[in-house]
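The chain that follows stands alone, in the form predicted on its own, written as structure tokens.
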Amino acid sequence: MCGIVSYIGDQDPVPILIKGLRRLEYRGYDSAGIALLDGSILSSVKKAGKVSELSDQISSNTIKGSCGIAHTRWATHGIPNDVNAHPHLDKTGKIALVHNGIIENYDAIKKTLESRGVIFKSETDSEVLVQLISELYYNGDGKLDFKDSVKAALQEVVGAYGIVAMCSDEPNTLVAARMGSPLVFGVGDNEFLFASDASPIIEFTRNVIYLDDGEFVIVKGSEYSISNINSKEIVTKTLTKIDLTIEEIEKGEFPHFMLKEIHDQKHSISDTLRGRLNLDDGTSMLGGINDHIPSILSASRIYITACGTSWHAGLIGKHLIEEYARVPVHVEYASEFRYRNAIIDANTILIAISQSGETADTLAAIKKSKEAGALTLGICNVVGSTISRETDAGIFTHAGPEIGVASTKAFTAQVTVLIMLALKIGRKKGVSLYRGKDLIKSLKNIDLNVTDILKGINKIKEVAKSTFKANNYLYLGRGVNFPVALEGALKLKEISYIHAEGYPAAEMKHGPIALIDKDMPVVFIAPQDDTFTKILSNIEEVKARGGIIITITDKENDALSSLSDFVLVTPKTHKYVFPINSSIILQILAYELAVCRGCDIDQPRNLAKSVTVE
């Protein structure tokens, strides 16, 4: 959730660290800070609020050094303020540390340190760790150098962490470690960087090492070594080349990353499909799972686990896999699944979905399922991510980096992968060639569909301008489009702060209908398929109560036109591709409503892009 960036090398660290923090803003944060080592002098500046405020303060309080650490904090323990911001310094002012994660046993350690006279300045769990390191380094038996003091401290803490630390008594040195919170190590030409993801690194080097849990790095001058936190055993790691460009992580001509990423869907979905469709055989080609097809075909049950938007993609995947593969699918919130006594055995498949590949609850669900003997498959967007390495096999989406906190192109790419997965299993289990070809033909036209939808933005803007003062929104859909309603409501809540709910259309009469009045916009997802007659009746019910009706359909007709205040039409397509089309319309609607309300779209309050703590 928080963001770490650190630098050691021949360049001035300050602009590198500030730019790195700005590239990590999308992860969500409420304060930021920086610490630098200049020989044996350690200096630090930290500030609640935006990185721009930190940058302004640094310009008026000149600090310099040869290496430095920086951090954006998303509050867990302690309110957002200057004192609780990172980096945290020890009692001597000689050790600085940045930390992502949670130290679960911080309270017990804190009480022990307080009994030894340590006075804490902040309310954070992270300060406990830097004070513990200090106690071991300065008040121990003198046998531990700085790196060994950090290791010893980490062996005493329970929880999740990605850390980088430095000490003025051992200048030109950085130490870093990872346990449950992502950390990427960039290896350049006489310069090294640590970051929570690759975005702050790519301007300086394409060569990175993705650290695994339990790994510890020490960088001293122009050399580095990697070992295990619990031993002195040296770990040999392979450099990975980042396939990412600066342009991909910048807004370009767009006012917000979210709008850019909505437009990216003109090619991100087709990029995810590229080379994976076989029209002649009416099937998909998914090389990442080929070795496990027999196990997938013989599975007695499938669990899909995810969080947030990815969970909604999983609900669509359930419809698709059960339709084509005829195997029961259970969709679980990872945060619930990890604590539930679910039925998992060697005949179980777990499909874990995550944009970042670092979601803490989803990783815990994978671990639990592997221990029970299940085959684990990952669907994620980030090559080298923990989920891509921890699962037995998987399928990458090719959405490209997603910076906006509210997921757009990652969601449609996930649904695209699930369509291909369902088709792959279905064709192996007897789905006809005709049905396979029919679905693939629609998938091949999807970039044209997206282009047509984007041409209709002005009509969606009209809806937003007419309804942005609403305090509540209701989204209704049936069958495979019920998850689309959930996703539409989530997008609206995330970026506009309008309360919104998604419901199965038929369930409206079991409660939500009581809320409908002349001020309530109701969005109906109404493709003209076998559910259309039923959903038309639901529209009539809202009309009778004076609600504002916004209908998304693939073919306008007189009945819809007379009942609806607004009709938004998507290109005609396969019923299982329609959820992608309608989701893009809902993304644009949420975006335009947030624009009308003057919201901070790319950095909505209280939200983080990648939830790496429980």
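Note that the structure is predicted; figures quoted are calculated from it, not measured. From 1 onward, residues are counted along the sequence shown.
As for the form predicted in complex with a small molecule, it is not shown, yet the points below apply to it.
- Using a 4.5 angstroms threshold between heavy atoms, Cys307 counts as touching the small molecule in the predicted complex.
- The closest heavy atom approach of Lys491 to the small molecule in the predicted complex falls within 4.5 Å.
- Although the partner is absent here, Val405 sits close enough that one of its heavy atoms falls within 4.5 Å of the small molecule in the predicted complex.
- Contact annotation: Ser181 falls outside 4.5 Å of the small molecule in the predicted complex, judged by heavy atom distances.
- Per the 4.5 Å heavy atom criterion, the small molecule in the predicted complex is contacted by stretch 356 to 364, the sole one of 136 to 144, 189 to 197, 356 to 364, 415 to 423.
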